[in-house]
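Next comes just one chain, in structure tokens: the form predicted on its own.
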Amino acid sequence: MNRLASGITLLSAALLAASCSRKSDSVALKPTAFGAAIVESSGGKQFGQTGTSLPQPVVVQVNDPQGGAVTGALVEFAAAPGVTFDPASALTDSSGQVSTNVALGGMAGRYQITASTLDKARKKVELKIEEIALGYQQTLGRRLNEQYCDRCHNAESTAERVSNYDNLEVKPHPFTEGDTLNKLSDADLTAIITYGGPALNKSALMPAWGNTLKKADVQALIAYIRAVSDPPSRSAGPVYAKN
């Protein structure tokens, strides 16, 4: 056999193997049961840098009409281009749940994830979950928040940080508290961060950070606050959803 014929044989074998692989990957999962509702168990409204995986998986649950967990229901995940799921579809386990790892797209903003299942009539039942992708400035603001702000503005302690929230007589607003913080302009937030609470007749327990943070740092903090506010602020960025 000459070299040309040998090369053609090897190429044909490679194409056949790839074809078999695609056929194997495209085998559809077949549900053994059907639910009436799909609900979020955990993983919604997480923050992550653009193009990276969220820190925790998204977990959803399929329930029957009585609210009981359904085992063997098919769940499929979809979102705007650029978002990936691992896995993108799966059958619910004995607790009626499916877990998927989500990697966000490359643009800053809010990404709407759709989890869907089928009911007994084979009609699609959907659940929409939002996740937040932080751009460069917002990611810098998040790091500054973790370094300077989170100890007082976050009531939950972690292994790395003990919260001081419960020790404060006047409770600071969490940065996700959009109902309050969305009413403050960027100029208001700049004044409070730079000169402390008394700058806007707020609690003196809010210290002045103007001697510690640069102007660009303050702007990054505000960008982060706007990105994570719930409900979203007007400057929270676009929402990306599946077509």
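Numbering starts at 1 and follows the sequence shown. Bear in mind the structure is a predicted one, so any value in this text is a computation, not a measurement.
Missing here is the form predicted together with ligand HEC; even so, the following discussion is about that form.
Engineer: Pick the stretch from 66-74, 42-50, 28-36, 195-203 whose residues have a heavy atom within 4.5 Å of ligand HEC in the predicted complex.
Structural biologist: This holds for exactly one stretch, 195-203.
Engineer: Checking a candidate spot here: are M107, R110 and Y136 all in contact with ligand HEC in the predicted complex (at least one heavy atom each within 4.5 Å)?
Structural biologist: No: none of M107, R110 and Y136 comes within 4.5 Å of ligand HEC in the predicted complex.
Engineer: Determine whether any heavy atom of L181 comes within 4.5 Å of a heavy atom of ligand HEC in the predicted complex, and answer yes or no.
Structural biologist: Heavy-atom contact with ligand HEC at 4.5 Å: present for L181.
Engineer: Can you tell me whether V125 touches ligand HEC? I mean in the predicted complex, with a 4.5 angstroms heavy atom cut-off.
Structural biologist: Looking in the predicted complex, residue contacts with ligand HEC do not include V125, since no heavy atom lies within 4.5 Å.
Engineer: Does any part of H153 reach within 4.5 Å of ligand HEC in the predicted complex? Heavy atoms only, please.
Structural biologist: H153 belongs to the contact set for ligand HEC.
Engineer: Is there a heavy atom of H173 lying 4.5 Å or less from a heavy atom of ligand HEC in the predicted complex?
Structural biologist: It does: once ligand HEC is placed as it appears in the predicted complex, H173 has a heavy atom within 4.5 Å of it.
Engineer: Select from the listed residues L168, A103, L91, A78 the one whose heavy atoms reach within 4.5 Å of ligand HEC in the predicted complex.
Structural biologist: Among L168, A103, L91, A78, a heavy atom within 4.5 Å of ligand HEC in the predicted complex occurs only for L168.
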